[in-house]
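Let's start with one chain on its own, the form predicted alone, as structure tokens.
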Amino acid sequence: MKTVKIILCGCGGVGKEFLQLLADRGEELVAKYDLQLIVMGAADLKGAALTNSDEGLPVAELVTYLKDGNEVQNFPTFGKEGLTGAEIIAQGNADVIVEATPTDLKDGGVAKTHVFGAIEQSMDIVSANKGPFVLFYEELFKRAKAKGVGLHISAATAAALPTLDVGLICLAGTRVLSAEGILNGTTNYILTQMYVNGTAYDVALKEAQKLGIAETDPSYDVEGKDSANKTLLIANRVFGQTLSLSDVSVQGITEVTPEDIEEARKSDKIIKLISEVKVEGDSFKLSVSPKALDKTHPLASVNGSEKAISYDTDTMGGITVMGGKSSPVGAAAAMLKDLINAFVSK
């Protein structure tokens, strides 16, 4: 049986759900994959819980403690106030970090320190946080390659939708010619409401906010920024590039009107916010913009808050995957999947 020692950075919604999955499925992972996942440390803003025992932290007790509203640094026996994730990583007593802190797209935030620190300790990285990988991908990739560690970021690229898995694993050996995706559930919900019910953009947005699909400040989604970040990660991982956000042309949905929707309908088309990576000779074109799709297009039937990715290849033709839960549970499940795939094959 293979034992993998984990440091969890971030005990918010995604981090707690990740711990819950470990608590609920530990025996199943051993039986199915011969894989034992042990949490050596769990860090958050004010401190951490840490152990040096080979048995790891009592995960079931820890997740119950956290979900009862308590903070990790106060966890009996193991809690340590003021201890940081970076300090735990520097001890080198783990095989992998699971990065679930809030995303910071200005300078990478604390996740940048965690990720670079983990590479120095030759730890693999599993991350739902896209910040460091959007901002510093080229440097991270080079350092990780030199150290022989893996960067596993499917949870940062549309969460439960297996965008990277399909491109990297299922399409291995093909030449991927292009990728098109609906990578943001909020914008797809708004556009669906505008198409199905003739709802104005601002009304559809308010409905999405009431349902909890859109944030109080929805600009990150509706201006196309979230989709642009995910487009960049797909381009860099699947297409083997080291591009930056400045290489992505971005237009959101804020100027899409009911008249635009109706004009598309008359042509038997439907408007979707499409992320695209296209190979053009030796260069790559990355874009996010509203597009009127023919009803026969594989992404045309993706409705509501669902997401999808569609790849075109030279030998397998077109491959489309849609769905995937947009929630902390979905993101946590994507991180667990990355962990399993990373270490079962080692």
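Quick note: we count residues from 1 along the sequence shown, nothing fancier. Here the structure is a predicted model, which means the values were calculated and not measured.
Below, we refer to the form predicted together with another copy of the chain, which is not included among the displayed structures.
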With the partner omitted here, the residue among Val110, Ala179, Ile274, Ala160 that in the model of the complex has a heavy atom within 4.5 Å of another copy of the chain is Ala160
Residue within 4.5 Å of another copy of the chain in the model of the complex by heavy atom, from Asp54, Glu280, Asp34, Glu28, is Glu28
Kindly confirm or deny that Ser249, Thr254 and Pro258 each have some heavy atom within 4.5 angstroms of another copy of the chain in the model of the complex.
no
Using the partner position in the model of the complex, report whether Gly304 sits within 4.5 Å of another copy of the chain, counting heavy atoms only.
no
Within 4.5 Å, heavy atoms only: does Asp95 come near another copy of the chain in the model of the complex?
no
Is Ala292 near another copy of the chain? Define near as a heavy atom within 4.5 Å, in the model of the complex.
no
Could you tell me if Gly323 has a non-hydrogen atom within 4.5 Å of another copy of the chain in the model of the complex?
yes
Candidate stretches 162 to 170, 241 to 249, 196 to 204, 260 to 268, one within 4.5 Å of another copy of the chain in the model of the complex by heavy atom:
162 to 170
So which bits of 76 to 112 sit within 4.5 Å of another copy of the chain in the model of the complex, heavy atoms only?
none
